[in-house]
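Here are two versions of the same chain, shown separately as structure tokens and labelled structure 1 and structure 2.
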Structure 1
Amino acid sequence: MMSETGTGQRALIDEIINQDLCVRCGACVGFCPYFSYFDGQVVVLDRCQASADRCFQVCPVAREQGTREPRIREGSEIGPIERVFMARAMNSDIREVAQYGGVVTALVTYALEQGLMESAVLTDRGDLFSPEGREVQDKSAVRQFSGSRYTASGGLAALNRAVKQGRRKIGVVGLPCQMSALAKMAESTEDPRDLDDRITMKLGLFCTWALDFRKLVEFLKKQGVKGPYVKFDIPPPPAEIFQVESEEGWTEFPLSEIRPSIQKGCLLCEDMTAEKSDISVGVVEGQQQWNTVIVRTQRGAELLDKASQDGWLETGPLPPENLEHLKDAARGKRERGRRVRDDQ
């Protein structure tokens, strides 16, 4: 199933969407009127019948044209590194609402305050429907978006909208697939936008997998846990549980019961640490008040240094055993992805 360039929307529909391989990054949504992200799914609204295939070119799940090589080179398990260390937000109010150390919330808030970003693409908590991407310009609003949603959210649709609004200096917070999509957008021959100029910062999140929102909701409904859902959580290993907060309080499930709701496309992914970002952020295992931070680019380093100097971040060395553990985990994901893809 290899498609030529110029097959238009068909390729994306046939090879990704209809195969249930879409990971809902949102890259194809909001550029043209033919796709939509809603309540946890990317759907085809109409057939576009054009030969241009930007949508296929930017899809992070779609294999690179004409090659069977995995996209990410081997070698370093966690991608390019300028620096790797651990950090957390100085502000305890941020840490309170953040998933772990609050580095992401702190960096975005700081960048908006300093005018380093004009707007940031974040992921909301969802209300009636699933979480989805939002463009945020007001720095005080950033913390409404803190914390992790373990379902994918089509967040890049919000980026596409922001670009359409003419926004410059956009910061994007996203999962590894979303960072890949940003890179593919910039490379795409069909994408006329000057994205490299407009996106000033790419903040990637570590990710092992994300859940299919609708499968998850269906599962929870079957288990008698009714929506609306306030919060989902996956405490770090070895807990092996999934927690959901609803109106009736917290309910727990063994992770193994949740695994069937993992997005099929996630199992193909070989990137755990968002290798195409400027800065990647994850947890420090065993120290949940802290984030593992990988700085990958010059501009990433600049932002980080400034934020630290201005007292927004507290940093420290990452214990070597944590780094090793991270590399193991990243290698594990890479091998899983390659195996699943080869089995296809």
Structure 2
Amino acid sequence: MMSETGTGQRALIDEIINQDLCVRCGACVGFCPYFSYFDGQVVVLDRCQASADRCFQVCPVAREQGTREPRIREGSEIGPIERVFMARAMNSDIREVAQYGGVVTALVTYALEQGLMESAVLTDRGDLFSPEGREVQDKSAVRQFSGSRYTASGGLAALNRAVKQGRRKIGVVGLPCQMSALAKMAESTEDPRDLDDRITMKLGLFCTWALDFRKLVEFLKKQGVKGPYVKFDIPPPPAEIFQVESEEGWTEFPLSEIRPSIQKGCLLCEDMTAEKSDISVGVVEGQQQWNTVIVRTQRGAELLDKASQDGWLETGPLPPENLEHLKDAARGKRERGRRVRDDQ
């Protein structure tokens, strides 16, 4: 354990932020009063004098770098599984605004309606600035947060604000790095907030990598694509394209032109399917109106069963070839992440 004054914050700055390895998960923002988040960047407001290293403990990249013992992974190539299948929202209005099958939007809306969540931490669409985490309590507002961003959002900063306000029964929607940070928060011996009691559901999103918002916007401006940006999409292989919807319509680029905007810290990540969540959700290759759903915990199973029984979700078996493709992709990301980490 670090004991010198300010060593935790200094390590986070020196080893993660200054090395351009920060993935902007938002875990340190608000958790430490000297970090803030603005327009796609974690900002250091002042130097901390505390002897604790809590901010460093919860950083998901620090663990992937080997500065903490790597977490134990259970189950198959895609982590712990209770069930895996495909599903989509029964409500066509939800499917129209969702990226694919609308499962996450449906589950969050249903949980808020039923009182299973008091609030949900989601990611807004961004406008003049980058997407950012928001706490949502009104079920009717959830659809405004539908769709994929493909850029970091600092979303866990909104969770830290909600916890400070005394909120309980919080649902969190986030990327694998954010699910890992949540697990580290809950495991931290120096965090007195009882997050296991406060967070009622963790909904993880499949992720290969996230883009640096500022780099992406700079690229798009050079290509003559002006904001505000309505929607981003990466169709399943073999398309190899990145699509952008702005007020002027759709534009697409080869993925090879987008890759320089990938966050450097994402290359260290070994988790594609958000293994630390209660429920993980992604696309079904070849059936883009459906989501792949991985149920990982009993409380995740209970929410899905209730939503399905009450007519919020339509479910079906995931084709075996889709599951194998998913395992191959997850295995590939894990191997790439390990190689990059070993080269650090």
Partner chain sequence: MRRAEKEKEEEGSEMISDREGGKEILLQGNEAIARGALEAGVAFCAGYPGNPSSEIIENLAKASQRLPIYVEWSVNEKVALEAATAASFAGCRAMACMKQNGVNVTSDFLTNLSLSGTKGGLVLVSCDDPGGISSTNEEDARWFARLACIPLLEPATPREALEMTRWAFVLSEAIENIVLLRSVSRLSHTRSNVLIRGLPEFDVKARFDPDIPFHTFPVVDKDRARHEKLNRAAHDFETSVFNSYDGPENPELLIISSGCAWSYARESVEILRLEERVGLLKMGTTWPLPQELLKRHLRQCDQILFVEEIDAFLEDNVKAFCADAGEETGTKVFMGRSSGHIPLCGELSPSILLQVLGEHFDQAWEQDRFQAHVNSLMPEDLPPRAFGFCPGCPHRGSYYAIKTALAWDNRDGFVSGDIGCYSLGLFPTGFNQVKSVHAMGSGLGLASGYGKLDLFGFDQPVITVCGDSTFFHAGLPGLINAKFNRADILLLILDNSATAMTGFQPHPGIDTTAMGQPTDPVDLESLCRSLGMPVEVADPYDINESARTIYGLLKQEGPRVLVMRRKCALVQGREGGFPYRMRVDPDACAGEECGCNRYCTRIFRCPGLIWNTLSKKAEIDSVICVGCGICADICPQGAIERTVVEEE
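Each residue is numbered by where it sits in the sequence of structure 1, with counting from 1. Predicted model only: the values in this text are computed from it and were never measured. Definition used throughout: the rigid core is the maximal C-alpha set that superposes within 1.5 Å between two forms.
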query	finding
Pair member which, unlike the other, is the form predicted in complex with its partner chain	1
Threshold 2 Å Cα movement between structures 1 and 2 for E113, core superposed	no
Displaced residue check between structures 1 and 2: S246, CA, 2 Å or over, core reference	yes
